[in-house]
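In the form predicted on its own, a lone chain appears below as structure tokens.
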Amino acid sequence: MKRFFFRASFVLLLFVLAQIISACEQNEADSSNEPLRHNTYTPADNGTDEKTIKIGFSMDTLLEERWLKDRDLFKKAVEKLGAEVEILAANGDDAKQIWQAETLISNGIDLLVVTPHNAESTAAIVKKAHSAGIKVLSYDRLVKNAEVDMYVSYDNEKVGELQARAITSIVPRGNYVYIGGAETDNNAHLLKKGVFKVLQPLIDKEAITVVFDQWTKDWMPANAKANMEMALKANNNQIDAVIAANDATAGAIIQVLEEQGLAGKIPVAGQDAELAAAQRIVAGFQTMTVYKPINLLAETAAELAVKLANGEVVTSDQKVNNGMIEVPSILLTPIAVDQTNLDKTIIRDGFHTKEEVYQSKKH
């Protein structure tokens, strides 16, 4: 009997020792770098783990003053809405812009904003974005022949109308020169359409004659300068008015007029309300510009971009045909600016300071 109890106690002792050893081995495994289980710690939902929206902005160029403003104001507006933005600029290189857009798409953006250099070739960007499930918003310039989700700009046809009305009110008769923007830019076509909407009735009445009409390749001032030189030479300097597609080209045109002793004698219209243009208006070398408050454009585009990225439905009563579809559009109203209202528009809005505009009459 004693032998039986001894054997039973011995077996029980072995069992207990086995359990202790197993527990020790388990503890050693738990403290090692190799997890025993694939459990993941999930923090409590405190509202801070929501995904941050990321916007990609593919810009044509940053070589002009106004586009630097667009970049900075858009970035500020997007970040104010709690989103992030990555911005790349191609500086007039079509292939580079497409490559940059592809880079933005591969970087995991939630929405792509595009200011196209070439309205036609950037249709490929829209297609690539949609293939990745990403919507596309056209900023300031419309992408042609593509299923763009939204277009935000100023009414560019109206811009052209404002330019032509300002100049024809000063020069109702005479020889006109029209120097447009880049032929590849849809905005340049809209501007020209607006200009000739006003000019055509006067052309039909033979009150004015357009003696020179040319595009400016890539919007480059050097090309506008060459155009103006040709216009003067072809017409023996008998030019009465010039309408330029923007302030940068207007500046180059006025430089040519200065060389011929004609600066300030021939009315010149531009657009964009660049600082140099405002200074030329004060000095009397440029007749007018068209002010398109970029802060309003940037803030409107940022708000729409974040909404679209969040999957919200955005609708608009305005539509613009891009050759493929009627694109839902927001078209803001531009403002004609000359010496009479410069202080009440671009200076009052803080677009340029009074000190900047009036510091010099040098053009």
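Sequential numbering from 1, following the sequence displayed. Please read all numbers here as calculations on a predicted model, not as lab measurements.
What comes next is about the form predicted in complex with a small molecule, which is not displayed.
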Which of 231 to 239, 265 to 273, 278 to 286, 199 to 207 lies within 4.5 Å of the small molecule in the model of the complex, heavy atoms considered? The stretch 265 to 273
Can you work out whether residue 303 and the small molecule are in contact in the model of the complex, taking contact to mean some heavy atom pair no more than 4.5 Å apart?
no
Against the small molecule in the model of the complex, would residue 292 count as a contact residue? Criterion: heavy atoms within 4.5 Å.
yes
At the 4.5 Å heavy atom threshold, is residue 138 in contact with the small molecule in the model of the complex?
no
Can you check whether residue 100 is within 4.5 Å of the small molecule in the model of the complex, heavy atom basis?
no
The unique member of 156, 122, 216, 163 whose heavy atoms fall within 4.5 Å of the small molecule in the model of the complex:
156
Note which of 187, 118, 168, 227 lies within 4.5 Å of the small molecule in the model of the complex, where distance is taken over heavy atoms; exactly one does.
187
